[in-house]
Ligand SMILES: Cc1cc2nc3c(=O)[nH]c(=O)nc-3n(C[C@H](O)[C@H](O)[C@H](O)COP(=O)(O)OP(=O)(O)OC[C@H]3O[C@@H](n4cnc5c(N)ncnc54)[C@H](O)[C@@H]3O)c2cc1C
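Here you get one chain, nothing else, as structure tokens; it is the form predicted alone.
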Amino acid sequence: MMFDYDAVVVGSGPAGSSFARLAADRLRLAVIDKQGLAGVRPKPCGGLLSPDAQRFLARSGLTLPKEVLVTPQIFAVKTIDLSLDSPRYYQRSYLNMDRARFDGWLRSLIPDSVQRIQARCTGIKRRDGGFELSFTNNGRADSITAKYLIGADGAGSIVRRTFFKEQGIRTYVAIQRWYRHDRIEPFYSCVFDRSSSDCCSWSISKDGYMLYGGAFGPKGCRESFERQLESAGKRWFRFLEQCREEACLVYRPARLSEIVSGRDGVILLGEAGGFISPSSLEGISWAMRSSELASRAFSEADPVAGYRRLAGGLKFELGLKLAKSVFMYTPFLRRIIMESKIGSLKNINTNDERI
């Protein structure tokens, strides 16, 4: 059968956009993405670019446009356990940016040879050794075919649900709220509260706003979020005028078996495959690195097998992150680490007032 495309990418976040940019010179590609459609909201994200993501951009010869960056730039994270009296500060080298602008910039780098389809993917089925994808835009339905399928559509991925339903993955609901803020000093906080979530929360200053978000178990997530806000506001935070709120699913793999690279013509990139840090929920670097490996795999006779092999290194790194998360998310171990001050900044100039 003659397919419309060699491969179709579902999703144009950091994973899908990066793959399309890197593989466009040797594949007939289409990208289906719902961003920009009515009712599609921004993804909750602190908008911090990790050192690994910065290294990926450097290897690619890319530099961030100034319009993507926001103020302030921050060089330490304030780690707060709501059950303890004293925070700890750790040096970090993240870049503070506007996540929506960053994603838009990555999409702008997709070559014109790639067919970009702004639509919602509604169904996928195997057909004649390849795949047929159905999609809708403003009530209009259509479909295309491809030999390979690239799932880069994040948590709740329709690609993963369709072809890897038996391989579940630990899932949370990320909720993030934006507040107006009057604090001049920059801050970035990582918050732990065992009474409301076994995952982490975050706060960050960004162009005159304070973002406060966290990941919570799906059952009762809204109540857990509000309970944590109330607890955090008693000692550490001042919540002023609320501006907007965002929410979405987020994956946090609990074991290596939950991380799936693909099989039988299907490749999963970034969070859709479980390539996201189980300790910090940082996903941008894993999305872009997995896309780079997948693009390289298409130079091999069997791209899916090649990607599985190449992605083995990423799975090994995520295994180390899983081990680290035990110390971060086990309350008594976290308490020992924080009270020991291992790795923390000493003599930092702060009065630990509410932010």
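Note that the coordinates shown come from a computational prediction; the quantities given were computed from them, not determined experimentally. Numbering starts at 1 and runs along the sequence shown.
The form predicted together with the named molecule exists for this protein as well; it is not shown, and the discussion that follows is about that form.
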item: Candidate stretches 220-228, 244-252, 189-197, 84-92 - the one whose heavy atoms come within 4.5 Å of the named molecule in the model of the complex; value: 244-252
item: Heavy atom within 4.5 Å of the named molecule in the model of the complex - residue from Cys45, Leu29, Ala311, Leu318; value: Cys45
item: Contacting member of Glu132, Glu282, Glu258, Asp98, with respect to the named molecule in the model of the complex [4.5 Å, heavy atom]; value: Glu282
item: Ser205: touches the named molecule in the model of the complex, heavy atom cutoff 4.5 angstroms; value: no
item: Gly262 within 4.5 Å of the named molecule in the model of the complex, heavy atoms; value: no
item: Gln35, heavy atom within 4.5 angstroms of the named molecule in the model of the complex; value: yes
item: Partner proximity in the model of the complex: Val10 to the named molecule, non-hydrogen atom cutoff 4.5 Å; value: yes
item: Heavy atom contacts to the named molecule in the model of the complex at 4.5 Å, residues of 147-167 in sequence order; value: Ala152, Asp153, Gly154, Ile158
